[in-house]
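First, one chain by itself: the form predicted alone, in structure tokens.
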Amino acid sequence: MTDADAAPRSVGVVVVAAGSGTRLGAAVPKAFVRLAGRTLLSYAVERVVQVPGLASVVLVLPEGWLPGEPGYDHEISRHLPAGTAFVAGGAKRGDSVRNGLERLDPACDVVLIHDAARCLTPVSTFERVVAAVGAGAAGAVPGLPVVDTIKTVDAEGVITGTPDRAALRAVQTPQGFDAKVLRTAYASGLSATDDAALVELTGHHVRVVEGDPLAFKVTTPEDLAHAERIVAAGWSP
């Protein structure tokens, strides 16, 4: 079966949007920062709901920013399908993902974990990840070739190595997984910097599929300005 032929029965998406956005220097959590008059989260959700086979969506939001609480942006709800679940985030990203998984429909075959800060990620990127998992991969993440030369250094800043950049990828989200594989990884008690690394620690292989420059993460004011230029130039989902 090829990736193009894959057709999983159902897809669940956990949108992680509980970060504080300290490096962005905003007065609100990052997901609620405005980009051309709309929150980053509303842009992200607009893409998520176009994922083929979508059956369940969970938004992981900061405390005080859930529906019915003062900070919530009701513009977001306009894009959401019926049955969307909301849950507060945890102390760390892994805790937030775990909270989201607990609210996701357990019947979903494929689970995507997506950072709301990657708010301009094209639907085609989601499709590639879903197709790879549907074709049998335990996990799949989008990634781009690394164009800079990378150095490893020691505690003193002395260069200790120069990895071959041909074998390096800068990974993005959504990160997608077979649902049973991801749930088992989160039940393992292990911890990692991202979902793919956690799944790798449990002995599974994770594929890298083609990423997209538009899937960059809005982290700094410069990133936000870059996103504003893209939207102003006529970007559309």
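Heads up: residue numbers just count along the shown sequence, starting at 1. Everything numeric in this text was worked out from a predicted model, so none of it was measured.
The following text describes the form predicted together with ligand CTP, which does not appear among the structures shown.
Comment: ligand CTP is not present in this chain, but in the predicted complex one of Val158, Ala166, Ala82, Ala91 has a heavy atom within 4.5 Å of it, namely Ala91. Though ligand CTP is absent from this view, in the predicted complex it lies within 4.5 Å of a heavy atom of just one residue from Val16, Ala215, Val11, Ala227, which is Val16.
For ligand CTP in the predicted complex, the listed stretch (71-79, 148-156, 115-123, 128-136) containing residues with heavy atoms inside 4.5 Å is 115-123.
Interface membership of Lys30, defined by any non-hydrogen atom within 4.5 Å of ligand CTP in the predicted complex, is confirmed.
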